[in-house]
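Before any questions on how it binds or moves, here is one chain, the form predicted alone, in structure tokens.
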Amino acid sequence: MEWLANFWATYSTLVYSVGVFALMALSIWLTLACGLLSLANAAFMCIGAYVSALLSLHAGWPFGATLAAAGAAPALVALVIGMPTLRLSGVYLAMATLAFGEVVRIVVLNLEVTGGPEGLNGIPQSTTGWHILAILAVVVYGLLRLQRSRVGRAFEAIREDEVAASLMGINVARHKLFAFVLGAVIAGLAGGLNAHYTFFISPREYGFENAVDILTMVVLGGIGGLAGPMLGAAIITLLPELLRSLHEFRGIVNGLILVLVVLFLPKGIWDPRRLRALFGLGPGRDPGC
């Protein structure tokens, strides 16, 4: 199995990245499922990555404890900023959360404890493929259960029509805040995992481009089920490796993909109804994944 050992030695970081960005795509899928166009997930990933890295480097916390902190820290931030911010909707919410992301990046850029623009290096490489796989499996299972629960049905009602959902007795503000905070937890865990396999993190990894990449993953894959965001994450993560010659134009390529998908596949690649019709399986209930 020498070929497998060689493959893993060369591409293990890329495989880990696919898993981590699958988590990020699921975190933004969760907010979209509740009708929230939030671009704060890259900032939550940044908070999780830096909190876990600092606890490992300066406090000597074990890996499991740093991961727990990576999920808890952005959740607390999301709870604080979510209460006033989630009164906005649509493009106004997107602008507010994007501004929040830039504030987080600039703060990290100017703090001495975070290493400033040079970032942090020497982070223990504690993340393994099993960690990523286990957390991804737990997140997918939890979101599937959530999607099929009363809360998931409330999310769907809010996404379709907030006023009608409110008239049916759904507490819209509370459900939106729950989706926002839970999405922050998943993004923070992704950040903690990312920090502990890349050995080095810097503020450049969590800016506007990263936020757009995550949104592109979900739009490309589709929000019709959990498989869509994960498929989109795999494609967008592997694309630079497949198109190395176009590395300098990655932003343009991602933007072009986003435009083409919106024009020709508005529900993304993973559209259960379209796939059933394509393979002649007839109508049926969306399985969710």
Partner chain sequence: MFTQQLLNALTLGSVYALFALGFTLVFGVLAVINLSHGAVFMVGSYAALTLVTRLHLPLGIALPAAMALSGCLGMAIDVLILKPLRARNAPHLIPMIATIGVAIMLSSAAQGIFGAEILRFPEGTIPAGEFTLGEVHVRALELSIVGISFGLMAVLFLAIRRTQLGRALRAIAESPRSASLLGINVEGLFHATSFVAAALGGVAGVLIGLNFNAITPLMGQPILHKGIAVIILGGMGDIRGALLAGLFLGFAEVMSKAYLSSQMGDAVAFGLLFLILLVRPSGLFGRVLERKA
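Residue numbers count along the first chain shown, from 1. All figures in this text were calculated on a predicted structure; none of them were measured in a lab.
There is another form of this protein, the form predicted in complex with the partner chain, and it is not shown here; the text below is about that form.
- Item | 4.5 Å heavy atom contact, P84 and the partner chain in the predicted complex | It does: once the partner chain is placed as it appears in the predicted complex, P84 has a heavy atom within 4.5 Å of it.
- Message: Can you tell me if L182 lies within 4.5 angstroms of the partner chain in the predicted complex, counting non-hydrogen atoms only?
- Response: Because no heavy atom of L182 falls inside 4.5 Å of the partner chain in the predicted complex, the answer is no.
- Message: Using a 4.5 angstroms cut-off on non-hydrogen atoms, would A134 count as touching the partner chain in the predicted complex?
- Response: No, A134 sits far enough from the partner chain in the predicted complex that none of its heavy atoms falls within 4.5 Å.
- Message: Against the partner chain in the predicted complex, would G60 count as a contact residue? Criterion: heavy atoms within 4.5 Å.
- Response: Close contact is absent here: in the predicted complex, G60 is far from the partner chain, nothing within 4.5 Å, heavy atoms only.
- Decide yes or no: are A72, G129 and L177 jointly within 4.5 Å of the partner chain in the predicted complex, with each residue judged by its heavy atoms? The answer is no: none of the three residues contacts the partner (heavy atom, 4.5 Å cut-off).
- in the predicted complex: members of 192-211 within 4.5 Å of the partner chain, any heavy atom: Stretch hits, in order: F208, E209.
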